[in-house]
Structure formats: C-alpha cells, structure tokens
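There is one chain below, alone, in structure tokens, taken in the form predicted alone.
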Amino acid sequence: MSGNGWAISAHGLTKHYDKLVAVDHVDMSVANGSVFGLLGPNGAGKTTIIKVLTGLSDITEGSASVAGFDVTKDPMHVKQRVGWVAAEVILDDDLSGWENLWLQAKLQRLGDWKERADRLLDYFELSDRRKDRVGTYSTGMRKKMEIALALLHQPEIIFMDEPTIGLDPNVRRMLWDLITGVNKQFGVTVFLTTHYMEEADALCGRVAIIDHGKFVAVGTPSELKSRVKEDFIEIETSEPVTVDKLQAIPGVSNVRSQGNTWILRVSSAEVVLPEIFRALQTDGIRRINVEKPSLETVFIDITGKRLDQSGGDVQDYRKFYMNLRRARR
C-alpha cells in the first residue's frame, strides 16, 4: 500500500490521440481504502483515464502514480497491484467457475492461489456452483465471478469501468452492495467510473465530474450538491419559443437550449411551474421535468446539458479486458 496515503495520484495527466485530447491536464488524489467515483457521459475520457493509470496506454503529458509506483517508470509493478472489472461480464462461458479462476491464476503466474480462490467463492456464495459452466450462471452470479477474478491476486486497487451499465435495477443494487462490501471487507481501493448519478451518490466518498477530458468539479457528493441552491426545469414545447419569453417568466434566472428542449434555472420549481404554464399555454408543452439539487443538477449547472444526453463512443471492453489480463503475465 502506498505510504503517502494516496492509492492514486496524478498531476497534469494528459492523453492525446493524434489531434484528439481525450484527457486534458487532470489532477487527482485518491485516498487509500476509499471509493472514488469518476462521473461523466460516454466519450468524456473515463476509460482513457483507466488505460493510462493502469499502464495500458502511454501518458502524453503529466505524471501519475498508482499504489506508490510511477505509471510510466514502473508499469509492471502497477499492473501487479491493480484489478479491473469491465462494463460487460467477460468470462469463459465454456469453463466452470473454478476453471475461470484457474485460468486467471495461470495468466498472472500465481503460485499459492487455491486457498484464496476457495475463500472468494465462499464470500460471493458461489461455492456450490464452482463446477458448473459459467454460461449457466445468472447475470448477478457472473458479476460476482468477475469481481472474484479481479481479487484473486490480492490487488490494492480495483478499477471498475461502468460495472452496472445495462443491468436491471435489482442486479444493480446487488452489485452496489458487493462493491461496498469488497471495499470494506478486503480493504481495497475502488476507482469507479459511471454515468449513473445515483450510483456515484450512493457508493463514492469523493466524486470527480469529467466532461470532454477535463475535471469540471471534484468533491464529496454532499459538497457538490451544495453548489447548486436552485432547481432546474426542463421543457420541450410543440411550438417555437424564444429565449426572451422564457427569461421573462418570474423566478427564471437562466435559460439554456439543448436540442429541442430548454433548461431553465429557477428559484423554486413549485413557485415557477404555475408561471410557466401561464406563459406558455399548457397544450404547447410536450414534456416537462423538474430536477431538484442533485449530482445531475451539478452537471447541468456546470456544462449546460443533461448527463444522459451527452453521447459518446461505445468502448471495446472485451479487447481492453483481455489486454489487461495478458499484460499481467
């Protein structure tokens, strides 16, 4: 474990892909034993940050250390001390749970691994299915096995890249409990990327909001939410509306457009909503949504857009995962 109290630290971390700046002069400090959340839309640079921190991609500019080792100078020492959980559950479906653990041990050249594998199967309540093909596991069981693989070599830090994306609410909640349990039970630092506001709020001691490769805000969820004292109202109208008309509504302090919708910053949604209905005619409003102070409103306040409407490229998670596993050999 890093002796300076930081599991991860970075200064001016930058990554270019030709002319594209994927990560733009990022500073960060992640405390040992904490759960740190990186919150942002697809394409914001979250997966790229994991790649440079784990030594899978070269740093263009700046510096970073993980588990006390310089990522550029000691990439193999870094890889030996980190685990990784993908957005997709990526296991060998034709192998049993135990055989997947065996394969992971071989890839990482672990000698004395069987006792720890037994403990992990017990912890994740998979012992009775250890001989069954992983292809017969439920989604929740497969996620458990994925985390067990990541913990097999006793890492100090686990990177979890969008681990709950595409899961139904029940499985997502189950995984939240697992992440909290792993952090506390194994004392492992968790670096979590997500675009789910409630996930970052529920799991993370500190959160960095990233947009277009830059950290636009960092703090505890409570600190970030306290930045926004007002409400936001999102409106989609069936007929054209001018900025001047919206700004003239009593209680509206700011108006921003996003595609076919308008985002209004207001003193109080309860007070301003009747004024909006009077000004715009109810039948002219196709959709209306109210956002109370939350991490979503922090993102709206800083960037002027909703997080879930900020698109990006889909990552090749399978290739990324296999590269990380092979790099540990």
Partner chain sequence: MSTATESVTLPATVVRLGDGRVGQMTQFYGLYARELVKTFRNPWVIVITLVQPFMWLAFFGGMLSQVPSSELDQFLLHAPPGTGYLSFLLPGVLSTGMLAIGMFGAMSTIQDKRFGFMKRILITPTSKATVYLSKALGSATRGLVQIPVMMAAALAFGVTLHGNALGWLASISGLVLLGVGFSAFFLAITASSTDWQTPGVISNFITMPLMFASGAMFPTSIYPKWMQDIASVNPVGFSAQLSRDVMTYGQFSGSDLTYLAYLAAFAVLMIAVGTALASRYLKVE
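Think of the rigid core as the biggest set of C-alphas that the two forms share within 1.5 Å after superposition. Residue numbers count along the first chain shown, from 1. If you're wondering where the values come from, they're calculated on a predicted model, not measured in any experiment.
What comes next is about the form predicted in complex with the partner chain, which does not appear here.
None of 192, 246, 149, 210 but one reaches within 4.5 angstroms of the partner chain in the predicted bound form through a heavy atom, and that residue is 149.
In summary, among the residues 90, 218, 141, 252, the only one with a non-hydrogen atom within 4.5 Å of the partner chain in the predicted bound form is 90. Residues 99, 109 and 116 are all found to lie within 4.5 Å of the partner chain in the predicted bound form, as judged by heavy atom distances. Contact annotation for residue 259: none of its heavy atoms lies within 4.5 Å of the partner chain in the predicted bound form.
Among residues of the shown chain, residue 84 is one whose heavy atoms approach the partner chain to within 4.5 Å in the predicted bound form. Of the heavy atoms in residue 136, none are within 4.5 Å of the partner chain in the predicted bound form. Among heavy atoms of residue 238, none comes within 4.5 Å of the partner chain in the predicted bound form. For the partner chain in the predicted bound form, the listed stretch (238-246, 180-188, 218-226, 196-204) containing residues with heavy atoms inside 4.5 Å is 180-188. Residues of 44-70 that come within 4.5 Å of the partner chain in the predicted bound form, judged by any heavy atom, are 51, 54, 56 in sequence order. In the core-superposed comparison between this form and the one not shown, the C-alpha atom of residue 165 has shifted by less than 2 angstroms. Relative to the superposed core, residue 107 undergoes a Cα shift of 2 Å or more between this form and the one not shown.
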